[in-house]
Each structure stands twice: as C-alpha cells, then as structure tokens.
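This document opens with one chain alone, in structure tokens, the form predicted on its own.
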C-alpha cells in the first residue's frame, strides 16, 4: 500500500469550515505516517510550500494555495499506559477532536471534558494549543509524534518541548517544518472538575445532575457552545476569529477609566488580557452582514460565511473590525486562524 493519494488542482471548499472556495495545486491524503518520508522527498514537494490540513477549522483561504496540501487521514484511539490513576491515551492525527473527547468522557476519564465540541482534528490541537472554558491541552498533553522535515525523521516531542502558549506552539511557529502524526494525553480516573467558568455549574444544575462527572461537564459545555456559537455545519465559520489581546496593566487601567465594563483579567508579567468580543460588540459589529460575509449574531468574536462569501470578502470584514477596535480602544487585534493567500 502506497499510504497516500494525490489529487491535482484539488477543490478545498469541503475541507474548510468557512466553506469558501479555494483550490490546492496538489492535495495528498496521507493514510500512513510511514509514507511521509517518501512523499516529502519528492522534488515537487521539497520545492513547494506545504500546508498541513486537518478539518480546516482554524484557517481562512483568502485565495488559492499554490503549494502542496497534506491531509493526515489516519484514525485510531488507544490506551498505551495506565496505572491506578493515570491513563495515557494516544490518538492519531486524523481523528476528530470531539470524538476523542467523547471517547474519554465515556470512559469516565478527566482532562478533556472542558474542550468538548471544539471543531477540528486531533493533529491540529497542539498546533493551536486549543482551549476553552478555563482549560487548554497544555494541562494534559503528554507528547506529540511528528515528522521533522528538516531532519527527515519521525520524532516524539515531550509536552515541554512543544513550547505551548496562548493559541501558540512550536508547530505553529515552524509550520513548514513539522507534520503532526499523533498526540498523547495523560488523563485521570479521578480529579476535580473545572466548573467555575461562567454558566457551567448553572447548566449542569439545569440538567438535573447533582454529582457531575466528566461526561456531564462535556455535555453542559457542548450545550452552552451550541447556543453561543454557530455550528460550522450550519453557518460557515472558524470559531473565534480574534485572540484576546494582552496589554500592559497601565494601558488596561486607562481603558477601564473610559470603558468601565470592559472585561479584563491578569495575564502575568504585568499585563492584562482584554475581551476582544466585548470591544468588537461595543463598536457595533455583532450581527453585521455585507453580502454573505459578516459577524455572527450570536457572538461578536465569530466571523461567518452566510453561503457564498469568498475568503477575501471575509478577510475584508475582519480588517474593518480590527481597524475600528484599534481606532476606538488603541488596541490591535490579531487573528486566531491562519490566513492562507494573503497577509493580515
């Protein structure tokens, strides 16, 4: 078995959650990590820009991609080590993230429940250091298996070597070097649930649950997310489009004098993190629509495709949103998704 399938001039609309039209010069669906060495050694691939594409839930195609798209298609979840409390779980990069969450909470394991219903693949999770509802994967990550294009070898990187930060990682900073092939997590049979994020305890109570387990926390968070955020299957989007900006405490205090309701919270090193959603909504963008490109009515942080918007049109709206926030608050917003085919 060759381990991969190639397609020239491949359409990508069905492979990105914004649902925008785009074409890749070459697409490789990789069914076996062992095939990566051969595939990446082809002169055409070595000379081209490479894009690793999971479910396309954290990028925006602002144009066609003239390089090689590699789509990990391996699936599988297994327990590789366990003791009385810790369970080390390894998942292939092509697994859907929410399927891994459901697999873990269905077995009563703690660690991933707050990350329920996040779209995307397992392989993309450490790249973006995905997080929600007071948790991110840095709290449970054990190691990442990846192909190192610089050294042309498969490597296993411990969590500490992945340089995880806020929506950031070694893999994101060196996108042309790494192809994530599998991810392992250290989960627990018993641990305190993280339920202090706004609305989670109330949702569990509304479910009639008095002694919540990971399964209940995941279900409560899924219900909240479904109400607050449009599902990509119904309305094209990539989740939160902007990062919450971090600013010096002095700047945060000055803004608080002008905008008393602007949420902020400590971000270490004398900085405060501000709510991008609040600032965008304050500028009047929630529910904005121009053609089929717009901002979600449910949440100001989510840009959407109502049907036939191009990536360039969505990017134009994003830039206008960021410009208005900077003019009003003096704060620069940065996009969370990767933008393909244009510069921010």
Ligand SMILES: Cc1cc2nc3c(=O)[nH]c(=O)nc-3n(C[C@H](O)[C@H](O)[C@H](O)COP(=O)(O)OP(=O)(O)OC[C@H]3O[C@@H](n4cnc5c(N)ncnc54)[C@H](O)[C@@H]3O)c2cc1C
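If you're wondering where the values come from, they're calculated on a predicted model, not measured in any experiment. Residue numbers count along the first chain shown, from 1.
Keep in mind that the form predicted in complex with this ligand is missing from the display, and what follows is about it.
Trainee: Evaluate residue 121 for contact with this ligand in the model of the complex, applying a 4.5 angstroms cut-off between non-hydrogen atoms, and reply yes or no.
Mentor: Contact check for residue 121: yes, within 4.5 Å of this ligand in the model of the complex.
Trainee: Look up in the model of the complex whether residue 170 has a non-hydrogen atom within 4.5 angstroms of this ligand, and give yes or no.
Mentor: Residue 170: no contact with this ligand in the model of the complex.
Trainee: Taking heavy atoms only, is residue 230 within 4.5 angstroms of this ligand in the model of the complex?
Mentor: Judged by the heavy-atom cut-off of 4.5 Å, residue 230 is in contact with this ligand in the model of the complex.
Trainee: Is residue 178 close enough to touch this ligand in the model of the complex, meaning at least one heavy atom pair within 4.5 Å?
Mentor: Output for residue 178 is yes: heavy atoms within 4.5 Å of this ligand.
Trainee: Since the chain is shown here on its own, which stretch among 76-84, 200-208, 233-241, 248-256 would lie within 4.5 Å of this ligand in the model of the complex, judged by heavy atoms?
Mentor: Heavy-atom contact with the partner occurs in 233-241.
Trainee: Does this ligand come within 4.5 Å of a heavy atom in each of 53, 93 and 127 in the model of the complex?
Mentor: Affirmative, all three are within 4.5 Å.
Trainee: Just to be sure I understand the contacts: of 157, 224, 132, 184, which is the one whose heavy atoms reach within 4.5 angstroms of this ligand in the model of the complex?
Mentor: Selected option: 132.
Trainee: Which residue, 28, 279, 59, 314, is the contact with this ligand in the model of the complex, using a 4.5 Å heavy atom cutoff?
Mentor: Checked against the cut-off, the match is 59.
Trainee: Within 320-344, which residues have a heavy atom closer than or equal to 4.5 Å from this ligand in the model of the complex?
Mentor: Sequence-ordered list: 336, 338.
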